[in-house]
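Alright, here's a single protein chain in two forms, structure 1 and structure 2, each given by itself as structure tokens.
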Structure 1
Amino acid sequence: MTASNPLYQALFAPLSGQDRPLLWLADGRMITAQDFHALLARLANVLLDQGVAPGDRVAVQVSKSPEALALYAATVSVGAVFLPLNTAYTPVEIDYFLGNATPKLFVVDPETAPALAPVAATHGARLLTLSGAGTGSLADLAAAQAPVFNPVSRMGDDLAAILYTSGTTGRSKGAMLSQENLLSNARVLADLWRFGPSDVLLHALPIFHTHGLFVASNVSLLTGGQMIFLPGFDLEQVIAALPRATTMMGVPTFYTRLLDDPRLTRDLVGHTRLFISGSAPLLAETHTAFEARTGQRILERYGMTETNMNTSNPYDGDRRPGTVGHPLPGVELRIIADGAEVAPGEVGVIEVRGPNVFKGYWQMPEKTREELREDGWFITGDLGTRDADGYVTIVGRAKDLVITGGFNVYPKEVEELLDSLPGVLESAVVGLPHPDFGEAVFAVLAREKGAEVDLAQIRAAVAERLAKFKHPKGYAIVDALPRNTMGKVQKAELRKTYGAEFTAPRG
């Protein structure tokens, strides 16, 4: 097998010498493909001068910018392993990641450098800075470098990135993703979603997460398209950019925020051929409302840190609200309960196998053995069903299953009912400790703007439609559910907030 650098050859080498638009920025600036490649080359030369060798980790906690995207490209081009970190992580959390991954280099924002310098020093990582405006010590070093370089030879099975899981239960785990994991997934998605050189992707996602970095950026780069590269989701910027976009990838909150604005019309999105949603469940109501307003059916898909994308609703065909579609070409999916595959419609744990599945958890061989079978099947921890037509529906996380009085309650079933009731925008159902039942079903209701929630009416509707063991034994009404950066509801936070609801002494 001849050595090369598959990601560089597929995504970045074609940019060299192309005087075409690549990135459009919020301030109106445009970066051409060849200018981006020159930036990539300068950064790659800096990494080589800093002693970064194949297999070394380059940790990055910086704001989204063209320079940050080029740093990802430069890292994999020199054969190193890119390690993006959520910009919300504190120095205490960063201490764990650097201690676990032991990066050669740590790139941070100039404003956070004073707090992070001692952490980097503790773990032997050299510290450089890069701001959201593209300035800092890394940029200064890059300016003195030549805009050409020779990519370092790597194989498809070599590591390209380590992405840490969100760590909602226990310590975060570093998912090891190879060049082939990333490239195979990008190729499948580009083909399935019909991406090509004429596409302009509206990119308002963060690039420390698989959605924005690997799904959005890699697919666009692979197919020679352009990106409207926004620093984040700003409603005014997104509405201004939509008439120029042919595609948009987002999380469900992007779409709910657009729906709250009367400027979202068919005319506004008349140039856009495809809206994609992921990273958190898209409410069927959001899907329906978006179609009614725009004539566009959002395409929902399903992926995770360890696997990139696993399933997708079809480009042509029925995009069914509440489902995540079929397994991607080349990806096997099965639903397991009690050691065997379940029948259509029955609930079990989703397992997947394919070229997209990661190589294991960094420095955690026991966790790897627990979740990645020797024959390549990855136990996702997600509960799901598959209907007779092969559409997969995510019911929830196995760890979120509520076992009350010996009965299993799947939160999504209760949430779907609660979400449909007057005054309720959305809900989250969790299990809380209970002295009699072990766990009790507890519901947190986010009210619609300006609405009142009638709990007596809620309880009556639940009693009419659900078995008694599924009834919430308590409710809380809030203005909004807690979410992480990618829009996922933080049920661990809800369990912490309301954990003593049934066990605390009553006054």
Structure 2
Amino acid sequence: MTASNPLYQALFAPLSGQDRPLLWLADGRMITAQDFHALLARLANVLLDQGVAPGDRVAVQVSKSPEALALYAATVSVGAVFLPLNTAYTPVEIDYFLGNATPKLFVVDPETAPALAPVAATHGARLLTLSGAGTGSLADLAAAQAPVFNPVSRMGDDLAAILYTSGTTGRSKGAMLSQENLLSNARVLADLWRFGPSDVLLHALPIFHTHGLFVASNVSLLTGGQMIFLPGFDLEQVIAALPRATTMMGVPTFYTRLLDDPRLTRDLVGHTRLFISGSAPLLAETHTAFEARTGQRILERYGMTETNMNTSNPYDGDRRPGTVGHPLPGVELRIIADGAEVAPGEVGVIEVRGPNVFKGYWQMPEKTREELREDGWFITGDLGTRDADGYVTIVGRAKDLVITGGFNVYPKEVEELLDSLPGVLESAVVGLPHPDFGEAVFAVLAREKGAEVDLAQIRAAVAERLAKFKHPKGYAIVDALPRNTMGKVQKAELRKTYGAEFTAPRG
């Protein structure tokens, strides 16, 4: 009898023995459903051989590839917990993740293996390698394995993945996601957005984040569709692939980059039935410009690592620019200010509840209690409003998050590093409007009395410690940060003062 493993059964078992295209790669290769299932089975057998047991974490920091996606599938299938890490993270950052998650296995790119081997050893994780081309020690072990395997039994409530979010205190928190969290959300989205076997999804998102890994891949796998699986957002590759795509999921930057290219026309996307945007606010003007150019109204949705997706604009009804639509079926949403639900149009903190909401933060019960109420409501930290028609609009982030090119940066983490550098008394990091990235990280440094601040030295220290997307794209040096009477740094004032830093015409 086949063991019960809801995600395996819904997403991966149906691929077995199916001689149909599943993944189209940038180099022209095609991977069939059965090839992918065989890869999953070989990798799963390696994991079992390596002693990976149900509940063990398998940490992964590798380039996007079919093998990397199959490793996610294999991990879930052996009942272990998939823990993908942003490829931009430095060894200093990785040290924290491995220390917190104590994975049994850590899979890295062969190129970064020398730098990461000591980190893995410190935390007792075995190290295997996998390159973007599908080579490495993991691939070698997989090649020697049988392409068949029986999934390990798991319940819907068991963990399938831990995805780290940046923490407001500068420390990332591991969001624990169960099989049911992922599966229920994939089912609702597939239904709402009408995904089916004839769909070809243009997949140019990273697969270490909820958007590319769960929203895009799970929905496509669940519904028997195909994916054009690109290593990242390369404008040439995306434009070449669009005529074959029926759907695309992207962050707003994808859409602004496409709009900057005259080759984006109604004809180019004549075959595409649905464009979806999320992970950061899509400017209403981007929505309008995209429609004017292509005749297509981008469907914007809203979600986060901890909750999967929460709201979506309608498939058939009015997709309203600047809004994130209605709560998904089965997801409750309320907007709270001063302990009570606000009236339509008023701003408050968005809270959500439903089968999509995570199980808490890995080994951080007190953080979990702060954000996840006992009765199941999760305090998102996003500020929003809801109009009389029920459309939700995100108006800001209580948590002060900066989203740059779809990546989250918590100012506190960057500030802590800057504050520790020579000549810097204190710092404030804000997100400023940027034409390409949506927001760009900007740092205001208050110098120590009489000290000189050496920006070259600061940039070098930042480059050594932080992932590139967190690096400030601009700096200002001041004598003192503006503060209110409560002693709080007035970031709104900084945003006003430096607001045109990246958007004002130069010269």
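Whichever C-alpha set is largest while still superposing within 1.5 Å between the two forms counts as the rigid core. These numbers were taken from a predicted model, which means no experiment stands behind them. Here, residue number means position along structure 1's sequence, counting from 1.
Asker: Determine, for this pair of isolated chain forms, which one is the form predicted alone.
Answerer: Of the two forms shown, it is structure 1 that corresponds to the form predicted alone, while structure 2 does not.
Asker: Aligning on the core only, does the CA of E448 end up 2 angstroms or more away between structures 1 and 2?
Answerer: Yes; that C-alpha moves by at least 2 Å between structures 1 and 2.
Asker: Could you tell me whether the Cα atom of D95 shifts by at least 2 Å between structures 1 and 2 after core superposition?
Answerer: No.
Asker: Return yes or no for K64: a CA shift of at least 2 Å between structures 1 and 2, with the rigid core superposed?
Answerer: It does not reach a 2 Å shift.
Asker: After aligning on the rigid core, report the distance the C-alpha of T497 travels between structures 1 and 2, in angstrom.
Answerer: Value for T497 between structures 1 and 2: 12.1 Å of C-alpha shift.
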